[in-house]
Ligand code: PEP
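Just one chain follows, in the form predicted alone, and it is written as structure tokens.
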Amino acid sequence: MIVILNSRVGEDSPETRTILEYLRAKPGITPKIHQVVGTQQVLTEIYLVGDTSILDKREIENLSGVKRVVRVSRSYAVLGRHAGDSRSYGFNYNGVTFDQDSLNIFAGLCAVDTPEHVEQMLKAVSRAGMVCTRMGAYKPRTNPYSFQGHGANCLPWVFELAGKHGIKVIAMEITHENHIEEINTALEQAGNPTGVMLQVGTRNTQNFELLKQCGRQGRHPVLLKRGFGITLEESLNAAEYLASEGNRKVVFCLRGMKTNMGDPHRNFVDFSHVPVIKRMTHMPVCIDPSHSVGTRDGSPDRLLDSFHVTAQGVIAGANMVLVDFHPNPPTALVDGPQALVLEELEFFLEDIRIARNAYLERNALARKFHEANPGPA
């Protein structure tokens, strides 16, 4: 059960203290406060753990300061969109808004290799008017002899170059809790020129101790990739580990499922789940066309498969695109065969614009229809 307080009622207000005293007096009920940091205001919610079936919903709603009470209908209580809960919220990080209405493009290097390539990439991103990128410093690999990333050694110059080119958010995968501290140290030593979105890769989707650490730190948002061999429900519960530890700044990423039914693509593309996740949770949804397709193959229409699946995800309402580019893919140390080249960036962004406009037009058409035909959605 979730007790939603009025916007004027803060965590330390007299009304909140009175509500908590009332709830703590109920046998077997443990209340836990969560702050919902939206783009315009901070809201306070109280999550009730225990047998809430014994509680009188109307009695709680009559308490001063309570806006309404929602009964939890999903196991991922904090991030889930529950029955009768039509609220929509996201978060703002370093001047960039992430919610279920926005769209942010993170084009960059799957793995950082040289300062020259990083600067070329960031110049191209900045010239295209974008403020987000991806830069892989830590790379978990299937083969222990494959390149594992430059790690903390590259962070100082990556962050310095990001600040130089006006990059506000870098998506950066981590594989160990120590990497969070290394990132924080490097950011502070560089004067905090940019921000980092911690990325938990598909291999670590069920690394629960890492998820807890990402949840306990409140500084950075987290991009959680769907586990490639588990159900969607299991991946959403993995995201709940982040929120249960206090970090609700979570973006959920679809990156394809591990199955040969997706051949000849690297993974079975699952972007039809974009609207499903938006229906089931409050999380913004990211798509990763590079790791879904895994090649630069194209069709007779002269569009690469990665362009096609990106458009499919965007026209379904995706809020973020994580995509591999590289100034010289043959020399890339990780996933060069799937990387787009810098000359394709403008083309790629224009193709996304077309798909995004189609989504917005479809959305407006749906609203018009339902206004004229009120009833079940």
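Note that residue numbering begins at 1 and tracks the sequence as displayed. In this text the structure is predicted, and so the values were computed from the model without any measurement.
Below, we turn to the form predicted in complex with phosphoenolpyruvate (PEP), even though it does not appear here.
Novice: Does G201 make contact with phosphoenolpyruvate (PEP) in the model of the complex, using a 4.5 Å heavy atom cut-off?
Specialist: Contact with phosphoenolpyruvate (PEP), yes.
Novice: So, L322 and phosphoenolpyruvate (PEP): in the model of the complex, are they within 4.5 Å at any heavy atom pair?
Specialist: Flag for L322 set to yes.
Novice: Given that phosphoenolpyruvate (PEP) is not shown alongside this chain, does R134 nevertheless sit within 4.5 Å of it in the model of the complex, heavy atom to heavy atom?
Specialist: Yes, R134 is a contact residue.
Novice: Can you work out whether M121 and phosphoenolpyruvate (PEP) are in contact in the model of the complex, taking contact to mean some heavy atom pair no more than 4.5 Å apart?
Specialist: Heavy-atom contact with phosphoenolpyruvate (PEP) at 4.5 Å: absent for M121.
Novice: Each of C110, K139 and R255 having a non-hydrogen atom within 4.5 Å of phosphoenolpyruvate (PEP) in the model of the complex: is that the case here?
Specialist: Affirmative, all three are within 4.5 Å.
Novice: Would you mind picking out the stretch of 185-193, 284-292, 162-170, 301-309 that comes within 4.5 angstroms of phosphoenolpyruvate (PEP) in the model of the complex, counting non-hydrogen atoms?
Specialist: It is the stretch 284-292.
Novice: Using a 4.5 Å cut-off on heavy atoms, what residues in 225-250 are near phosphoenolpyruvate (PEP) in the model of the complex?
Specialist: Going through 225-250 in order - heavy atoms within 4.5 Å of phosphoenolpyruvate (PEP) in the model of the complex - there is one hit, K225.
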